[in-house]
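As structure tokens, one chain now follows by itself in the form predicted on its own.
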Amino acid sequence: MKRTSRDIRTANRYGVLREIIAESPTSRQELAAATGLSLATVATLVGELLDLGMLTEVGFEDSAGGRPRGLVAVNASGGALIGVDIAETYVRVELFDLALNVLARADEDMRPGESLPVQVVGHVATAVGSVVAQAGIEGARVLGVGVSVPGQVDREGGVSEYAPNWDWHDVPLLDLLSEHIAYPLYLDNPLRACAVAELWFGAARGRGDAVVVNLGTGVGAGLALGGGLHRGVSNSAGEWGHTTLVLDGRLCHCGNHGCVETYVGAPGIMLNLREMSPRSTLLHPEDQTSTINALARGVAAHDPVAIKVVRDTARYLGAGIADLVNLLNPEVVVLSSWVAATLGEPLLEEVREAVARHALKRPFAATEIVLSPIPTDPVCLGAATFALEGALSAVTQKSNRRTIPARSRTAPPA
């Protein structure tokens, strides 16, 4: 798709603000060097962000023999962003200031079978109302709500096109949410959200090529290639969890057999445990979180069954990640989401060994494999950046409309 001048302006404004959020305070000269934009362009964009109240001037720094450089920083109180992480077992909502510090958090558990769109929407609406009330902010300060939902999504239409774990097809999710939430809404999925979070604040920051492996109930890979988010032609890139790992293997929710997700997603790990030790006290039927937590505790206590389950899971996961390493040759592979965070270092060590056995030596030697260092929910953080991007795009469109002569306002956009 050809990018318009409006798209480029929004992307540049977004890039400058992203850099300031990560390195605040900073100078216009440092921003030009970091973004690759000209100093004149950066100065214009910084001026616009100052006018919007998103930035503030914070003094000067000495330069080498020249005039002192003006410093700018994020105006943290200049607005609020909300990130929504809709997962198969919970809804988590976090409210951020403009510096992307968490101001409030709310969680809603979703019981098995509680996956009708109207039920999920009810949980989201309740949690959004909760964080706004907790933060004690005026609704007008909320610039937008970024919503992450598993599966394939139509960003522009706000539609959950396919969520295999719930058997959702073409659910108009943002339309349903807009009946309960008055703020601007922006939709994407957790693969993109986790990748953006790592690009902004995590292990992928400053890396040109990164893969963020999302390990939860579902499994996928967020891709950052050439320094930017890779979405694919239909925003479907990263569905690695539905690539075939075992021919004629386990039946997957997507209808195929042997998908990666069926061996390394939380339900797959529970099945690994059940097949190995059907009567294990580590197994909590119908409760993914409790089972994964029990496995983590078991590994720490040197329980041989827990150790074997994590090792076998890592063998499958390592084989799948080796394919990504061979195919994409990334600088870093990040293990993210709640399963990776819970199983932690023991899983990471086993995965590294498994990838080393399966990947080609040259790409493997260039790849670092790490756990996500982000202390908060990376999906909520990434979803909040989608709301920020949407807010900046909306501002750009309003600005352009003000500069169009009256007789041309009905013309279609470029």
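The shown structure was predicted, so the numbers you read here are calculated from the model rather than taken from an experiment. In this text, rigid core is short for the largest set of C-alphas that superpose within 1.5 Å between two forms. Note that residue numbering begins at 1 and tracks the sequence as displayed.
From this point on, the text means the form predicted together with another copy of the chain, which you will not see here.
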- Item | Partner proximity in the predicted bound form: D170 to another copy of the chain, non-hydrogen atom cutoff 4.5 Å | yes
- Do A300 and another copy of the chain come within 4.5 Å of each other in the predicted bound form, heavy atoms counted? no
- Task: Mark G226 yes when one of its heavy atoms lies within 4.5 Å of a heavy atom of another copy of the chain in the predicted bound form, and no otherwise.
- Result: yes
- Message: Contact with another copy of the chain in the predicted bound form for L271, defined as at least one heavy atom pair within 4.5 Å: yes or no?
- Response: no
- Query: When another copy of the chain is placed as it is in the predicted bound form, which of 115-123, 246-254, 271-279, 142-150 ends up with heavy atoms within 4.5 Å of it?
  - Reply: 246-254
- The one residue among A237, A306, V132, A106 placing a heavy atom within 4.5 Å of another copy of the chain in the predicted bound form is A237
- Task: Find the only residue in A366, V370, L50, V58 having a heavy atom within 4.5 Å of another copy of the chain in the predicted bound form.
- Result: A366
- Message: With the distance limit set at 4.5 angstroms and only heavy atoms considered, check whether R231, N329 and H358 all reach another copy of the chain in the predicted bound form.
- Response: yes
- Answer yes if the Cα of T35 shifts by 2 angstroms or more between this form and the one not shown on a rigid-core superposition, and no otherwise. yes
